Ligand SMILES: Nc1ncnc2c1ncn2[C@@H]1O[C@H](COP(=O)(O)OP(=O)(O)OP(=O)(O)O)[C@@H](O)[C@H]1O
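Okay, here we've got a single chain as structure tokens, the form predicted on its own, with questions on binding and movement later.
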Amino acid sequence: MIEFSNVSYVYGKHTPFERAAVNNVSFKIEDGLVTGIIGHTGSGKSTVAQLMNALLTPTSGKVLLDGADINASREISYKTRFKVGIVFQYPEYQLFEETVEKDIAYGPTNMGLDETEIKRRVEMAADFVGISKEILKSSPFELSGGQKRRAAIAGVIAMEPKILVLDEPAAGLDPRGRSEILGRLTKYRQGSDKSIVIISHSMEDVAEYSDRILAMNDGGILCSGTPSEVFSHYDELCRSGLALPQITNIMNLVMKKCKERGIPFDNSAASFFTVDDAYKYLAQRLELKSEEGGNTVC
């Protein structure tokens, strides 16, 4: 797993523009889970992503991968980048080779793999993200925006990283494209001990696909836990400038109205983040109240 131990990172140190992007942060990314990292713009999310695979070196503290300091030497840092693969925001801007196939093969080639293994990984990664064999022979610059996004993601998956870090992977995509990309990516960990980290300001995306969530604010950890545990910190998350899932906002409003009218309401229901859970809870409450002949939530 990845562990951050009292990690801080300062941009522009010893200059008039000095700014602490990450401030004394400690947390763990567990094996085999999808971990969502949320926070407003400037909260430190993207800096954390780059610290995870040694693209940035902590100003203080340590980043550990399976107990080893990833910044202990240049060689260790270099090898870490194949174990912790990052898909940056708008990854399609990273395409540069003359064919999609060569672009996807770039990472495995730098790993020193033989041609047979490189070919296997390219085909596996292309199939995983939904790229046809015909597209593999095309120039990446001839592809649509969605196809470019898939090709760039395939280039990271072809390295078969133990941890896949996605920085705003659905940025700029329509709802259907978002669901398809995120759905495919979260399957990456199925049947293995691989982990996924989704970094996003979209609470809906993180809530739907994450096993655990880490909420950041001003370079620090605001709260962490399961989605239900994190969304139970409703007021704190709102004060930090995060846009919570719409259904969570609705359930909190319902809870407040119920309390004003003296209607019993389970406080845990205010941390619901899916429409299905909210529907089941409200439907049950309405049915019970109807049988009792008392006031309903409505």
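Everything quoted here is computed from the prediction, not taken from an experiment. Residues carry their position along the shown sequence, with the first being 1.
Another form exists, predicted in complex with this ligand; not displayed. Remarks below refer to it.
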Problem - this ligand: the contacting residue among 94, 109, 89, 132 in the model of the complex [heavy atom, 4.5 Å] - result: 89
Problem - Option touching this ligand, based on a heavy atom within 4.5 Å in the model of the complex, out of 184, 120, 102, 201 - result: 201
Exercise for the section: Indicate whether this ligand has at least one heavy atom within 4.5 Å of a heavy atom of residue 11 in the model of the complex. Expected result: yes
Exercise for the section: Indicate whether this ligand has at least one heavy atom within 4.5 Å of a heavy atom of residue 257 in the model of the complex. Expected result: no
Exercise for the section: Give a yes or no for residue 280: in the model of the complex, does one of its heavy atoms lie within 4.5 Å of a heavy atom belonging to this ligand? Expected result: no
Handout entry: Non-hydrogen atom contact residue 40 with this ligand in the model of the complex at 4.5 angstroms
Key = yes
Practice task
Quick one: find which of 26-34, 46-54, 66-74, 237-245 has residues within 4.5 Å of this ligand in the model of the complex by heavy atom distance.
Solution key: 46-54
Handout entry: Residues in 214-229 with any heavy atom within 4.5 Å of this ligand in the model of the complex
Key = none
